[in-house]
Every structure is written in C-alpha cells, then in structure tokens.
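What follows is a single chain, given as structure tokens, in the form predicted alone.
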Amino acid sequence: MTIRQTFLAKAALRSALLVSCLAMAAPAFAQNTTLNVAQQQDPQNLDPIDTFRLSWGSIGSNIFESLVFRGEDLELRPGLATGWEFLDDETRIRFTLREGVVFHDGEPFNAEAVKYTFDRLLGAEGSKGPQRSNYTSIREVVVVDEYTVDFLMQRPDPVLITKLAGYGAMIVPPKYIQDVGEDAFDMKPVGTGPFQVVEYTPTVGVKLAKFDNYWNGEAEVDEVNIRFIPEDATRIAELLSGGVDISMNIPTPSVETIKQNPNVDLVAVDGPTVVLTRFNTAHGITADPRVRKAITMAVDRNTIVQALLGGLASPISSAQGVKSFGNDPELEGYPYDPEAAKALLAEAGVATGTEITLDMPSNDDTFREVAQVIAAYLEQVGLKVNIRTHEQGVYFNDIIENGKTGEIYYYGWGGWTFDFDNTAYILYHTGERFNPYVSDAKLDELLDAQRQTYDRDVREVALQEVARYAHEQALDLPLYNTSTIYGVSTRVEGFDPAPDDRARYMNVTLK
C-alpha cells in the first residue's frame, strides 16, 4: 500500500468514527474553526500576474478562480467558464461564462471582468511580472455579450487551456483594482474563490476567511491561517507539536520522523517538480561537452534517490517526469560510470584536482545534502567542488538570470502544466529569463515549431527531440522528479493532496 493509500484509508476510518460520535453527541454551540497551515516561502505578492512561485499557488488557489479548473486529478473542467469551443480554423476561442458569480467585494463577474483581466495581463502592468509571456499567444479578448467572450489568437497555443487553469490567468475585479490601486491589490486582493483575504503580512503569513457568497458552496472551516516558516526544523516542529494542521514543503530528512508520529500522516503524491544541476555551457571547463558528460556519468542518481530521498522521487533522463507530455520513456540517462568519466576528463585536458563551483539557494536543506553527495562523487573522478550558497531571491533573480553561476548550478522547476513545453522553453530557448547560457538554433526551431500546432502527435515528436538533443549535448544533469509531500495532522479530514502544490482548503474539516 502506498503512502497516499494508507493516508486515505486512515482518513476514511476516522471519518466513519467521527460520524458515529456526532450522531450520539448533544447539540453544541457553534464556534469558529481555524485551519492552521505552514509553508516555506512567502510569495512576496498576492497579485496573480506578479509571481511565478509555487508558494503563491497554495494561497491564490483559495482566493482566485480562472475560466478553466484543473483538479487534483489533473483533469481539466469548467471553472468560471461553463464551456469553450474553437472557431474559425482555431484562430478564435469562445468561452461561455458562468452566471451569478460575484467577487469578494460584491462586484459582479462577467465578460467585462474577463476582458479587463487579460488586457491588464497583456498590457503595461503585466509586462512588469513574469506571467505575461505565458499568454502572448492571445491577441485580444472581445466581449460578445455579458456572459460570452472570444479570445482572438495571434498564433496557435496548444497549452493555453491548461495555462488558463493556472498561474497568471486568475480573473480579477476591474472596479476594485481601479478604486484601491495596484499596490493595495498586491497586499489585499479580491477574487471569486471560497476564501477572501483578511490580512497579508509579508514574511509572516496570510489570514483568510470563508466567503459566504461563494457560488459553489460553502467552505467547511471559517478561517485559514497560513504561516510562512522558512526553516525546515521549525516548520516540522510546529507540525509535530500541533501548532499547524497541515505543513507543505516537507524536507526528505524529516520523512521518517513524521512517519513515526502517531498524530501526523505523511502524504506523498507524484508531482511536477524536477531537480537538476545545469551547466555553464558558455564559460569554464563545462563549455566542453566532454566535461559535461563526464560529470553526468560520475554521479549515481539512483543512489541519491534511494539513500537521501527515501525513494520519494524518481530518477529522470530529461528535465521532466513521467507524467509530462513530451516525456520519452525510451530515453535513458547516462550510466553511472566513474572510469569512463575519468577518461573523458583526461581527453578534455582537465587536470586532477581542478576546482569547480556548484551554486545553490541557501534555504534548500534537501538539496544541500544532495550537493554534498554530488561533490563527493566528483571528487572521486578528480574534480574538487566548492558549494556556494545564496539567499533565494538573489540566487534566482541575479545569479542565474544574469549568468553569474559557477560551472554547475542548481535548478528546480515545477512544471505545473505537466507539458514539457512549459519547462523546455524556459530552459533551452534563446533569451529566456532563466536560460543565461544556452543559445542553439536547432533547439529554438524545435521549441517554436511545436508551439505552432494543436496536433499532439507533432508536438510530442518535437518535444521528445528537444529532450534527446539536450541529452546528447549534456546541457544539464537531470537528477530526479520529486514527490509533493505534505504533513497532515490526524485531526484533519477532507484534505485532497494536490500534486502541483496548489493546495485547496474548501473541503477540509477539523475534528
């Protein structure tokens, strides 16, 4: 039985016992219920167009909604749109909107709100954030009537419907933003979701209250108190002591401790996040593909997954997991072969004892252990690795973005669309924000071509060729696809673990 199956079985038993007890209990005075949640990161901004962080998803998915809904099973369903159809040779997409929906401030949801949302996303305000580039295939949103809109497309976008279910595309209220201004909206936004923002305190947390006029029912708890606890040890201590009911971002070194605690369940589901070390392909010894292949062959990924991650991850041969569209199941990673690695390094003229740098963010305890093991493996083939850490914001917004890394650098990516396009374009296309070194005409051509068609077969061939080419050139060292791991108190019922970190709390109850 898997961890998740065990959790669900235990949850079902607890639910049955709870129903039995409630049937015998006398009526009690109602009191407010508060769900306490811990997560590692502060998204730093609650506006859906101003962030790319997974830490936003676990908050924003309770506040905002989009035209399309994707559940924990990854299936796409109607959201604020009840349906959609492709027209005019797929150059126009018509969305029929849900009636009777209101924003938290009482403002009506309608076609004008949809148009405003995408005009804002694709305009000057959206250009300040990281989400705009995901939606530039949209030329214009046209209001047909109060509950119908047309998306006029500049080009095909085969991932658009999936993207509309996620980051950046959440529908926002025109009047509220115009009244309070952009800065105020960052701190206390308004959406149509089951919870509304009471207070957001940067670096501390977010307090949510259930929205009584939510169109799709009523949340089971009255309040959700989300705390930002960056230190792994503190977050786990709060979970084990009962200070929080649900903890996200469980580090693998804490897995066994949680398993042994009778008051907490460990819940793991296959997630979209991949972890790899990328190479500086422009400077230093890693500009030589022989050196990159040698480093790849010097690291035993299977041992890392089993010994350090407790099997709660899977080795990968490209920068995607098995659930990703575009994954090639026949592509095998380079074998663990330290002798062959030594030979390649010698052929490339790399002297024994040569020093290289591995850059990483300072707050990732799990990868810190992985980095130390990678350094030990590389030392066995004659390379001395200096591990250099950086504050997380500096690491992603300066060190990577501006090409200041050493020869190797950590990269983790939550490919939340479960489509390799989302990851591969960012990693390999020339000029992308998180691609400071790779510029290859063949990769650009393949990546652009698969974005020009809705034909899944054509896209799959192109994306698999991207993965094979990246493998042949050893542009990075794919390490593993992580499980999304939650720690959940046994007093929690109704929590459905999301594989993409977009935890939703509407159906959660506390006993």
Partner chain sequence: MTDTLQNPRLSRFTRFRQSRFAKFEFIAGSALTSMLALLVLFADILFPGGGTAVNLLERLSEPFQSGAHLLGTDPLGRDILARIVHGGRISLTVGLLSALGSVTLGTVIGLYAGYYRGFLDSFVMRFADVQLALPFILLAITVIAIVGPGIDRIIILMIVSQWVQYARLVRGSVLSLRQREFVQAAVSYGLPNRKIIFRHILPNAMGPLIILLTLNVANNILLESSLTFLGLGADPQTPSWGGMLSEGRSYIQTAWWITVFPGIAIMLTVLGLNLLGDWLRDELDPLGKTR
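Please read these numbers as outputs of a predicted model, since none were measured by experiment. Here, rigid core means the biggest group of C-alpha atoms that superpose within 1.5 Å across both forms. Residue numbers count along the first chain shown, from 1.
What follows is about the form predicted together with the partner chain, which we do not show.
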query: Pro338: touches the partner chain in the predicted bound form, heavy atom cutoff 4.5 angstroms; finding: no
query: The partner chain contact at Thr162 in the predicted bound form, heavy atom, 4.5 Å; finding: no
query: 4.5 angstroms heavy atom contact with the partner chain in the predicted bound form for Pro253; finding: yes
query: His390: touches the partner chain in the predicted bound form, heavy atom cutoff 4.5 angstroms; finding: yes
query: Full three-residue contact with the partner chain in the predicted bound form, heavy atom 4.5 Å, for Thr303, Ala375 and Val394; finding: yes
query: Sole residue of Ala348, Leu308, Leu74, Ile177 within 4.5 Å of the partner chain in the predicted bound form, by heavy atom; finding: Leu308
query: The single option of Met297, Ile236, Ile171, Val190 touching the partner chain in the predicted bound form, heavy atom within 4.5 Å; finding: Ile236
query: Residue stretch of 225 to 233, 94 to 102, 75 to 83, 210 to 218 approaching the partner chain in the predicted bound form, non-hydrogen atom distance within 4.5 Å; finding: 225 to 233
query: Contact set, 356 to 371 vs the partner chain in the predicted bound form - heavy atom within 4.5 angstroms; finding: Ser362, Asp365, Arg368, Glu369
query: Flag for Glu107, CA shift 2 Å or larger between this form and the one not shown after aligning core; finding: no
query: Flag for Glu379, CA shift 2 Å or larger between this form and the one not shown after aligning core; finding: yes
